[in-house]
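Each of two forms of one protein chain follows alone as C-alpha cells, named structure 1 and structure 2.
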Structure 1
Amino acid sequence: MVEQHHLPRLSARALEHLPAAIQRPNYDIGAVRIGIVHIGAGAFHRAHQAVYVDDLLADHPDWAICGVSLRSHDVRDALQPQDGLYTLALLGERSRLRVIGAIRELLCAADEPHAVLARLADPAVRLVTLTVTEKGYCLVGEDLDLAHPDIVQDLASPSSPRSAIGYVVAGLHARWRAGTAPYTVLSCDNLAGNGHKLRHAVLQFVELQDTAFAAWIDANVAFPCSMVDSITPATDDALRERVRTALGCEDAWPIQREEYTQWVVEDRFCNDRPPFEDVGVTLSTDIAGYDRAKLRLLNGAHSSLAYLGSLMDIDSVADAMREPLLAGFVERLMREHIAPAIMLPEGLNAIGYIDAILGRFRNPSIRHRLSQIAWDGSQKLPVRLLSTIGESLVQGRSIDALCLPIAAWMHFVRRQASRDVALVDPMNEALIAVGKTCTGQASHDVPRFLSLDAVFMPLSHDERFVAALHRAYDRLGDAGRGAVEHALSAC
C-alpha cells in the first residue's frame, strides 16, 4: 500500500507554494467582487463558465461568482475550507492542471436561504446564471409543471423558495420592490431555446402571483439563450490522486474536462455584462442554429452510445468508439440521419463538425462513463433525439436508425427494473413501474412506454413513429451484446 502523507489543504495561502507548472489565478482572489450568482454550482459550471470568468477577473474584478447549490451542501463543504479554490484538469494530448479562483462565495440554499436571497437582491449582482439540468426547470413540454411539488410549494410561499425558478423570481421581486435594476438571467443548460423556456416558465409562475410584477419582468428582464459545450467526466479516484501528487496539496473536489470548450451566448443583457468576447465566448444574435447542432448531433450521439453501449456492457465513450459496429452506427446516425434533417447555423460545416465530435469521443485521455450520460433519459431524449425524429417525419425521411437508440433506452429501463436497480431519473418510479411489467415483446412493452406522455407527446400519436419503434425494439431482441451487434449492423 502506498503510504498517504498528510498534505496541507489547497487554500489561498498554499497558492504561492504550488509547483510552477500549475496555472493559478492571475489576480488577487481577495480583491475581486461578486457580480454573478450562479445557481447549480456543480462540476459542469466549475469546469466551464467559471473558467471563462477566471480568465477575465484580472482586468474586470467585479464579476466574481457566488456559487449556489439548491439542496446539497457538498460543494460548499468541500470548497469553503479551501477558500473556494479548486483544481481543474484539462485533458488532452498534454494534460495540464489549473487552479480556478473565480468562485468567491459558496452557499447552500437549503441551509442559508436568506444569504442567497440577499445576494440576489444585491445591486452589484448583474447576472444570474444557471446549470440545474433539464429537470431543474420543472417543465412539462414547453410549460411550467404547475403540479411539480417544488413549484406548488414556491407558489404557496414565494418568499421561501425551493426551486431554481422560485429563487430567480424571489430575487427579482426584491429588486422590483426596491427599485433596483434587474439582473440578466442566463441559462447554461442543454435545452434548445433555454432562455426562451426559462423566461416562459418564470412568467407563467409570476403571472399567478402578481400581474404588475409580471409586466415589469416582461418589459425589463433579459433571458438570453446560450449553448454550452465541453465534455466533463465525473471526478474519480484517479483524478484525486493525480491532483494530490502534482499539487502537493489536498483538494477535496478537483474536476476534469476535455481541453475543448465552447460557449455561445445571445447578446441580450439587461444590466451590463462581462466582456465575454475577450475570453473566447462567442456572442451572437441568433444562437438557435448552434444549439440545435450541438444538442442533436453531439448530445444525440452521446445518448445513443450510452444506451446501446450500456446494453453491450461497455464502460466509457472512448471504449464504445473502439467497437467498430457501434462507432460506425453512431457516425452514420450523425452524418446520414441527423445532420440532413436539421437546419445548421450559417457557416457551420457539418462534415467538419461531426469529424471533430468523433475525435472528441475517441479522446483516450478521457474516461467518460456511459452510465453518467445515461442519467435522466426521460429529460434528455425529447430534446436530443425525439425532436429530430419529429422533424424527419415532417420531411418524409426514414427514422429507423433514429429509433434504435430510443428502443435501446426502453430495453435499458427494462433491464434495470428486472435487476431492481433504480435509475438516476426524475421519472424513476414511473419508468421502473413500466419496466417491471415488460415481457421483452414489442407489442406488449412499447405501448406502455409510449403512454409516458411527458417523454413521447406528441409523437406517440404518429403511426409511422409507433411502427418504427416496434421494429427497433424487436430488432434488439433480448438486448444482449450479440442482439445489439446484430441490430447495429442492420441499421
Structure 2
Amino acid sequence: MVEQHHLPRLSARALEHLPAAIQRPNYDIGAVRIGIVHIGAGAFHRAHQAVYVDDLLADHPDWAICGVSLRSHDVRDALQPQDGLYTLALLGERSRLRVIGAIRELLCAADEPHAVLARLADPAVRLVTLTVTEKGYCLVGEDLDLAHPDIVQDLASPSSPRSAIGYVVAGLHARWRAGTAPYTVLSCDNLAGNGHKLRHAVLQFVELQDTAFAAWIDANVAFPCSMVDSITPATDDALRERVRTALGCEDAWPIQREEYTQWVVEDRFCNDRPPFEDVGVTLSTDIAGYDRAKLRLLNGAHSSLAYLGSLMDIDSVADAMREPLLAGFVERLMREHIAPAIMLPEGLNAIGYIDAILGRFRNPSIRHRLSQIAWDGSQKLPVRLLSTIGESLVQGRSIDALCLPIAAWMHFVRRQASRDVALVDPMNEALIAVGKTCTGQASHDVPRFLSLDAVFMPLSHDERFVAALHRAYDRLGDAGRGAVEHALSAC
C-alpha cells in the first residue's frame, strides 16, 4: 500500500484517475458558471443543497455555487487546493462515495469582503441561499436584535458588513443602485417560517437606512420558505481513512450523510430559478405543512423512541428499532395515531413518508444516540407530541398511545432526578425539583408535572388528557425494562 504522505491531493486533475466505483461530476467543472451564492458553507450545505445543484449542472451549467464563510477560513483553506472538490459518503446498508463539484468558488468574508460583495452584485447571481443556524439571523423573538453587536456594526457601516443580514442587504443595495434585478434570498436553516423571518429581519434592517430602498425590497425581492432534512454526522478520522483508501488520494475535508435527503422549497422566486424539481426537490406552496409533518411524524417518533428506549437502557435509534415491541409501537403510533390526526400537505404520501422514516431509523450506519434526542424535552414535546394530542382530542380520537411517550418522559425525569443527574433542558431546575418529589404513583406524580404550565397548558385542564396520562403513567409501573415492554405490548 502506498504510504499516506505520498498520496496526491484530490483535485480536478485527479478525477480521471479515481477508481470506477467512485461517482464523480458528470460535467466539466471548468465550464460551469456561478449563479448561486451560499452563505454558511458548512458540512450540511455541502452534503445537502450542493448535492442537488451537482445533479443539475450537466444540463444547467449556469447554477454553480460560490460558497461563503462569514468568519472561518477553514473550509476555504481545505477545499481551494482541491479545486473546490470534496468527497461525500452516503451512509446506508451499502454505503458509497461521491465527489461533489458544485462549489466552484470559496470565499471567507472576514478576509475577502470586497470579493464577496462583488459576487453578490454580479447579475449572473440570481439566488442567495443561507445555512447560518438560527443564531446567524440575529433575532430576538420574531424581530431583528438591534442590540446585537454585528447588527449595530452593520447599521453603522452598511458597506462593510459582518452579519449574514448585512451581506444580504449590501448585495441587494448594490443591485438597487445599479438597476440590476435582485436575487432571491432562500433560507435553508431548520427554522419554522424561515423565509418569513428572514424577510422581516431584512426589512427591519433596511427601514432604518433608506425607506426607498426598503420599498424596493418589499416590492421586488422574494424570500421563499424551505424545509430541509438529512442526518449529517460530523467528519471523523474513520471517514478520512476510508476516503483516503477508496480514492487513493487525500481529501482534506470529506463529509458524510445518510442516504435519505429531503428539500422542500416554496415556489416563489423573483429572478429565475434552477429547475430544482428535476433533481428531487419538492416545490410547494405549503412549507408549513411539510414542517408540521416532519415535527409530528419524524420528530414525534424520535422523542417517543428516546424516552421509552432510554427507560429500557437502549443506546441508539438503530438499536431501538431492533427491539420488536418498541419498533412496532412507534410504527403504529405514526400510522394509526399521528398521521390521521394532522393535516398533511398536498402531495405528501403518508404511507411512503412513514416507510422512509422507519428505514432511516433502522439505518445501521447512522448512530443517533437516544440520550441526545432526549435533550430539551420541555421544549420539544409540546410541538412534537402534545400538539397532536390536542388535535386528536378535538377530533374525538383515542390518545392513550400518544400519552405513553409523554408518561415515559415523566418517568425519565423522575429517574434522572433520583440519580442526581442534570437534564440537558432549559427547564432543568424546575424539572429536577418536580422529579425529586415523585413517588412513582400517577395520582401523586402526574399533577406535579401538569403544574408546569410552560409544557402542558392548555391540555392540563382537559379531563380526558389528564385521565389518559394517569393511565399511561401507571402502565409504565416502575419504568424498568420489563414494565416498559409490558406497556408497549398493551398498546
Ligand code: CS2
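For clarity, every value in this text was computed on a predicted model and none was experimentally measured. For residue numbers, the reference is structure 1: its sequence is counted from 1. Each form is matched to the other, and the largest set of C-alpha atoms that superpose within 1.5 Å is called the rigid core.
Each structure shows the same chain on its own, and structure 2 is the form predicted alone. Core-aligned CA deviation for E93 between structure 1 and structure 2: less than 2 Å. With the core held fixed, G67 shows a CA shift below 2 Å between structure 1 and structure 2. Rigid-body analysis on C-alpha atoms gives a rotation of 32° for the smaller part relative to the larger between structure 1 and structure 2. Core-based alignment between structure 1 and structure 2 gives a C-alpha movement of 2.5 Å at N363.
Taking the rigid core as reference, the CA displacement of A306 between structure 1 and structure 2 comes to 8.9 Å.
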